[in-house]
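Coming up is one lone chain in structure tokens, specifically the form predicted alone.
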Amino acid sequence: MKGKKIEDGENCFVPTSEIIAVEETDLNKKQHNSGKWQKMAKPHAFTVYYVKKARNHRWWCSDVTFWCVDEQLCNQWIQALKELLELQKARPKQLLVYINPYGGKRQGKRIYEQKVAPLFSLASISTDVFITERANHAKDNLFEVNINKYDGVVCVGGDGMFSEVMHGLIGRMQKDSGIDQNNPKAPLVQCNIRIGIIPAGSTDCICYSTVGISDPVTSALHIIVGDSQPLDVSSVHHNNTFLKYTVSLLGYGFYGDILKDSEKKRWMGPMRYDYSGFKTFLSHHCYEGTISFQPAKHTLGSPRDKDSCRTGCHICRQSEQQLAEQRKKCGLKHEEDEEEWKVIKGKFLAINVVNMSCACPRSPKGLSPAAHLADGSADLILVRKCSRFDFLRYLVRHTNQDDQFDFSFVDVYRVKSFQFTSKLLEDNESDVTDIGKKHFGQFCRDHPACCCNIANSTWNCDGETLDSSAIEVRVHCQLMKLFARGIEENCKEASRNQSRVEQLL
């Protein structure tokens, strides 16, 4: 049995875990009469389709054809390889697919039909495709379908589409388990149904931060081979009322103002973020308030270290184990009551809470380069009042290799719970429950002429606006799973991280 890539005669070595499909191949007359094929009277062949890895974490589907003169031997190889693929139990066989035809550049349906559907068909994956017609259509549908018949849910769109599917799946799981989502202290039930992301939006931050690239074919192949990446999810509450779940950015001040302004300019397309960003930067609004948080003492890393979250991350794995042991030992309620809340008060240009690096093509490192996907914590980034020039220096750091937290006006903490409340709410709602140690501060614009005017920002919750000045945020460790494996590290990173692991041990 010999293996040749028919087009160029390249020799190939293919691991079973990266085989997509095996098919019997009919060698046409032109191939049979050319080169080595001509020496064989009746060659029999089969083609192995497999994952080919390229630079920058990009994957594509390649193939290699094996041939021989013995038909029985050829069939034995086909059968043996197919049996090996059947042993790959993590691979999905039935998927529910939601397509947002309006998101991004309105290319979701075309991207799925031309680039993704053929790959799913090749891998013998059955799909039920649902094209959404309105906001929250996918979320509402997930409360109605028989979810148990599917091995996973795929969303085709941007971060907003993913958020919709995530809310539907987590909400459905809590409903079926009798969990009250309005209770901020309720231990949520983990969602074992994986979500696959086919990027087709204006921003694909979640896909980029968990795969390393925003490419539909790459994401489809991660789904086909059955990758699984646990992911932390943060719940956002106000006054014992559930508001949202977030997995990437929860931002108040600068990023909240950008989103609020850009929502009025959707006609501009993706360019609206650049315009609103520049406008928000010039306005230089500053907001005063008080922040309370519980440090994530169970985690091994810190926001200032150089240990980026990568495939098989040892920090995520060991932090999750330590958190589980901690809760088993003292109980969730006792743990939260006993642990000290730290309080910070001041004027801030930006308050950001991130569950992942929030990396994207424009900012390859993201808002917090060392944030981890599944360690049960979030990174709280506080950018205090400073000059426009200093704030610009901070923003520029997101695009280069310099330490973006190395400023006197920037503080960063790894937390598992976080609260924020305004004086405006204290004045208007005297019945706000005090959870943890809270102080109230006044919000104002950083300008002498209007310092007495109370102004509020908007929360940017994974690219969706959230109008609440007082929130409580709690991180739920590995609440859900993606069809991903985290960002694979290159040789230099692997060598550096291995030495760090040895030092820790």
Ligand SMILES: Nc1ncnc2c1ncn2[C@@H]1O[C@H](COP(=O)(O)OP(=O)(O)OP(=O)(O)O)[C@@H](O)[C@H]1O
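Not measured: the values here are computed from a predicted model. Numbering starts at 1 and follows the sequence shown.
One more form of this protein should be noted, the form predicted together with this ligand, which is absent from this view; the next part is about it.
Partner contact region in the predicted complex: 154-162, out of 407-415, 154-162, 177-185, 113-121, criterion any non-hydrogen atom within 4.5 Å of this ligand.
Contact with this ligand in the predicted complex, judged by any heavy atom within 4.5 Å, is made by just one of 203, 294, 319, 421: 203. Among the residues 234, 219, 210, 100, the one placing a heavy atom within 4.5 Å of this ligand in the predicted complex is 100. When this ligand is considered in the predicted complex, residue 384 lies well away from it, no heavy atom lying within 4.5 Å. Of the heavy atoms in residue 70, none are within 4.5 Å of this ligand in the predicted complex. Using a 4.5 angstroms threshold between heavy atoms, residue 91 stays clear of this ligand in the predicted complex. For residue 134, a non-hydrogen atom is located within 4.5 Å of this ligand in the predicted complex, even though that partner is not displayed. Applying a 4.5 Å heavy atom cutoff to this ligand in the predicted complex picks out 266, 272, 273 from 263-286, in order along the sequence.
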